[in-house]
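Below you'll find only one chain, the form predicted alone, shown as structure tokens.
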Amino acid sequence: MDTALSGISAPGRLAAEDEDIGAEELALAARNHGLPLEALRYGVTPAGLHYVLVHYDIPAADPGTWRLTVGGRVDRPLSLDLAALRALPAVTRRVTMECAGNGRARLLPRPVSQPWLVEGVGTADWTGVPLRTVLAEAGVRAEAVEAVFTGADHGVERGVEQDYARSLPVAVAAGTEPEVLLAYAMNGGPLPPQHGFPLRLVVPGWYGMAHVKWLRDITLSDVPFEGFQQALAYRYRRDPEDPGEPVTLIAPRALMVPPGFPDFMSRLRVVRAGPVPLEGRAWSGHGPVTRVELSCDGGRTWTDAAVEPGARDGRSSRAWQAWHGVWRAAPGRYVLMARATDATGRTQPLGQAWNRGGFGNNAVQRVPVLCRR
């Protein structure tokens, strides 16, 4: 840690027992917006509704001078402009992306950081070049073990001045399942500035910290990357001294489109008595979702919802799946819940999955509802 910066960049901490969300967290929440849950109705999230997490500033990018460099343990170092990338065979993949900190604000004790509830998610059609195509052109040497991806966003975190950078094992970077993309388009249009213009990484099935935005350099390394965002941040740890386990694949989650209509401040939902359609989306980075269960009594009893199968053409293999059911509501107050199970047998927990960074908390969503006559 740079001692000159330590006074302005505090270490990570947990909120005190009765501590409310403070001004710094509110400022982060204003910059990093989530998905309005009613927008779960869209199979593809409009770009302006897709969640956004920006660690530092959105960097200025001149597409005329921008270059992607590829170097390190390669046979042929590359410097590619956008025209060169667009000249390569392109693919489009529908990918659900979720922030690793989604659900953090619901943890007790609360890690002080971006205060996500459950809205840090979105699904887009990303178009670009398979990363393995560019790596093959560069010629990855046998001694390379990781590919390090560096973005143009620069800042300070916990006293460390840095460019945002993350790595992937070479087997993942050059693999086909999932097929990692160098994406230059989103939902058929250019990447918006907040989503990484002019180029970003898309790593299907992995939490959002792996999808490096404003990508400018790929370096193949023969040793594991020890940068801040890899070795210190984005690790599951319960104690400060614990080295922890790295955050990688997305844990299963189901989210419900809030039924009825809301109270402005409390967001309590109001419905009329009778059949109430329930719908939402479910996803997992470990495999397709095979089951979604619904509870209308706070988790005492559960019934199965109908789950649409995932796409089989490869374009949408890491995208969320729609689910739906019907609740026959009678007057009263209720807590609705939905939980997902994926093909590997992983199921959402009813309670929190606590860790100091607030990562991967996929506890079941709870939706308070008032049913009127």
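From a predicted model like this one, the values you see are computed outputs, not experimental measurements. A residue's number is simply how far along the shown sequence it sits, counting from 1.
Missing here is the form predicted together with another copy of the chain; even so, the following discussion is about that form.
Each of R41, E119 and C371 comes within 4.5 Å of another copy of the chain in the model of the complex, counting any heavy atom. With the partner omitted here, the residue from R86, R235, R272, R141 that has a non-hydrogen atom within 4.5 angstroms of another copy of the chain in the model of the complex is R272. In summary, among the residues R291, H286, R132, H154, the only one with a non-hydrogen atom within 4.5 Å of another copy of the chain in the model of the complex is H154. For another copy of the chain in the model of the complex, the listed stretch (143-151, 105-113, 216-224, 174-182) containing residues with heavy atoms inside 4.5 Å is 105-113. Although the partner is absent here, D81 lies well away from another copy of the chain in the model of the complex, with no heavy atom inside 4.5 Å. At the 4.5 Å threshold, heavy atoms of L37 reach another copy of the chain in the model of the complex. At least one heavy atom of D263 is located within 4.5 Å of another copy of the chain in the model of the complex. Taking the partner from the other structure, another copy of the chain in the model of the complex has a heavy atom within 4.5 Å of a heavy atom of I21. Residues are counted as partner-facing when one of their heavy atoms sits within 4.5 Å of another copy of the chain in the model of the complex; in 11-36 these are D20, I21, G22, E24, E25, L26, A27, L28, A29, A30, R31, H33, G34, P36, in sequence order.
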